[in-house]
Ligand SMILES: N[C@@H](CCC(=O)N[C@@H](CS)C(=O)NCC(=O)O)C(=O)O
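A single chain comes next, written as structure tokens; it is the form predicted alone.
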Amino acid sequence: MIRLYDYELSGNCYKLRLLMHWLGLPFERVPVDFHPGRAHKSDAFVQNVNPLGQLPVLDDDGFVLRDAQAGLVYLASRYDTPGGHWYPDDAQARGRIQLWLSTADDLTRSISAVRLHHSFGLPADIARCEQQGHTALRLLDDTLAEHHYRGQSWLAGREPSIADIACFPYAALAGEARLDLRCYPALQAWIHAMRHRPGFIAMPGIIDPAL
């Protein structure tokens, strides 16, 4: 059984829940009191789960991964059906996906940091993070606009991939970081398309349109 050390409000935890849901994978959620308990920094967590004191952590029958993007790659590689689209067995597609996994890390360092500051008062260099967040959002918007004119709706191909899942949460949660998405129309259309895919599940701050 897959275990996910999880925090309900974390976009990085959510992206793993979302992929496992779309793959139809059963898993056990192990709640971690990120705030206010800071259980991810406790001695027990650091010594036994993740020495970096970070979430999420994925444990698949003893195989442990301590990074959200690495978790996406692993889950799609192991559990997607042969020929599946989440992490296709094609060198160029995987290269494109890897670029967006790096962008997902940029979104975490910027938008997530500002969101945590506004939500919980955690320290952050707001001006720098806001600038970096807008840089990543603009890259997403420009790319999606170009793809739209070629008849392509997704970041790395004609089907959604883990690139889309990786970048989706913190782009969709940009409003909680007080970043205005109205100047990114292609990005807004992509967020809408993600939310309306069959089997979509929500998290706090990202509404399920089926509800």
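Each residue number is its position in the shown sequence, starting from 1. Computed from a prediction, not measured in an experiment: that's the story for all the values here.
Omitted from view is the form predicted together with the named molecule, to which the following refers.
Heavy atoms of every residue among Leu55, Gln69 and Thr108 are located within 4.5 Å of the named molecule in the predicted bound form. In summary, the region of this chain contacting the named molecule in the predicted bound form, judged by heavy atoms within 4.5 Å and restricted to 22-30, 171-179, 47-55, 149-157, corresponds to 47-55.
Contact check for Lys41: a non-hydrogen atom falls within 4.5 Å of the named molecule in the predicted bound form. Under a 4.5 angstroms non-hydrogen atom cutoff, the named molecule in the predicted bound form has Phe34 among its neighbouring residues. Annotation for 1-39: interface residues with the named molecule in the predicted bound form are Ser10, Asn12, Phe34 [heavy atom within 4.5 Å].
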